[in-house]
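Listed next as structure tokens is one chain, alone, in the form predicted alone.
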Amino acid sequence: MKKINKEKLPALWERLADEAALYLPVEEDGVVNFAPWKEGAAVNLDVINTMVPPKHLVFPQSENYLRFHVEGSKLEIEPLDVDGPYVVFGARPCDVAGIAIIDKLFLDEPCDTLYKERRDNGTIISLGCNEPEETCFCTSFDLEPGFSPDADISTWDLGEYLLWEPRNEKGQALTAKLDDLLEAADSGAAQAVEKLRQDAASREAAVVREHGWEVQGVKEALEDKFDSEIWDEIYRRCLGCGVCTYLCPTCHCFDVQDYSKGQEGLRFRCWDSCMFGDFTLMAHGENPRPTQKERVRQRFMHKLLYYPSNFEVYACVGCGRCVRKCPVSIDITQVIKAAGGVE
């Protein structure tokens, strides 16, 4: 295990930016989001959750992936290159877990090669949470606010220093390039990290217990709730704005469209949302989910029943963004409680 004095972080970021495109939490106009690093950027490592998760760095909101040209009956297709190497610094454990959940879908057979290439190009450096927010509930989904096993490198804030631990070969390779900026951690580092992990998990679990719900058993409880009255109670407030899906670290619905001008154009994919009225709309006009009730039900059934049935993990990481930002206060934790989460 290594450590780095926080006074050396600007030098570290400059070195990382020399190696690859570097993204980290940057504050602008009071809002913190992952943005490209540049000298003098207002980096904020204290905020627990950025407004938008770093999901867009591995799964862009809009992505051109081929160019086409038509001449008579001849069609020419040119695949477009994926962006080069990049480093994500300071991703919280819930957001790293969200990317790992998306991996299960896109990297399973048949593999999405576009996603895989972009994913392989990235190195993710996580930052454990010392003090989870009141709306955090990652421990309910068997995650730890203080630890990210899916990161390439894990770090923890110990005040004057960040502790630094590579988790795999990719993390070890990058660490070796930064050796002159890092120091060997003392023998008490592992105990300090373990205490941070236990304290953070204990504080978050206490908040969840206070709210009186538990996710255990909710998948089984939802198996016979497709026609339940709970959806009548929940959907009526929904505006169909899609903010819950766009801020979610695990939502991954997308559309494929062409932009053409004359005889040539681009094909791109872009995020979509199951909350939108034209989502899954067929070319002949049929819509298998024509009402907002059906769309709201699909969102929660997908996260809490369909996804875990296929991949053995809930499609939620308890970051709390949808709870904080829904304009009509639709709360997934209350859905879990109403559906039958064990108290």
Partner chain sequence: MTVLNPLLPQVAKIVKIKAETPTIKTYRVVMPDGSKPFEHIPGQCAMISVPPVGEALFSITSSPTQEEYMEFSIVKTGSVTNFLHEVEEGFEIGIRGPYGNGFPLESFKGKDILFIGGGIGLAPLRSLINYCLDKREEFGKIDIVYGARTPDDMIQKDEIFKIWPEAPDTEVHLTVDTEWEGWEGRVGFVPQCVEEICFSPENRIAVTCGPPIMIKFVLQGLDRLGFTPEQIVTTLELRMKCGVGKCGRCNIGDKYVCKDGPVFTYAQLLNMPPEY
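By rigid core we mean the largest C-alpha set that fits within 1.5 Å across both forms. Residue numbers count along the first chain shown, from 1. From a predicted model like this one, the values you see are computed outputs, not experimental measurements.
Same protein, other form: the form predicted in complex with its partner chain, not shown, and the subject of what follows.
S.K.: Looking at D108, D186, E229, D179 here, can you tell me which has any non-hydrogen atom within 4.5 angstroms of its partner chain in the predicted complex?
M.R.: Only one option qualifies, and that one is D108.
S.K.: Quick one: from Q198, N168, T113, Q216, grab the residue that has a heavy atom within 4.5 Å of its partner chain in the predicted complex.
M.R.: Contact residue from the list: T113.
S.K.: Honest question, do F68, G72 and E294 all end up within 4.5 Å of its partner chain in the predicted complex by heavy atom distance?
M.R.: Checking in the predicted complex: F68, G72 and E294 are all within 4.5 Å of its partner chain.
S.K.: Test of understanding: in the predicted complex, would N44 fall inside 4.5 Å of its partner chain by heavy atoms?
M.R.: Close contact is absent here: in the predicted complex, N44 is far from its partner chain, nothing within 4.5 Å, heavy atoms only.
S.K.: Would D278 show up as a contact with its partner chain in the predicted complex if we use heavy atoms at 4.5 Å?
M.R.: Because a heavy atom of D278 falls inside 4.5 Å of its partner chain in the predicted complex, the answer is yes.
S.K.: Decide whether I77 counts as a contact residue for its partner chain in the predicted complex under a heavy atom distance cut-off of 4.5 Å.
M.R.: Yes, I77 sits close enough to its partner chain in the predicted complex that at least one of its heavy atoms falls within 4.5 Å.
S.K.: Could you confirm whether D255 comes within 4.5 Å of its partner chain in the predicted complex, counting heavy atoms only?
M.R.: Yes - in the predicted complex, heavy atoms of D255 and its partner chain come within 4.5 Å of each other.
S.K.: Go through 121 to 129, 153 to 161, 77 to 85, 168 to 176 and give me the stretch that gets within 4.5 Å of its partner chain in the predicted complex, heavy atoms only.
M.R.: Contact criterion met by 77 to 85 only.
S.K.: For the stretch 170 to 188, return the residues whose heavy atoms include at least one within 4.5 Å of its partner chain in the predicted complex, in the order they occur.
M.R.: Heavy-atom contacts within 4.5 Å come from no residue here.
S.K.: If you line up the core, does T113 shift 2 angstroms or more at its C-alpha between this form and the one not shown?
M.R.: Moves: no, less than 2 Å.
S.K.: Once you overlay the rigid core, does the Cα of G262 travel 2 Å or further between this form and the one not shown?
M.R.: Yes; G262 is a residue whose C-alpha shifts (by 2 Å or more) between this form and the one not shown when the cores are overlaid.
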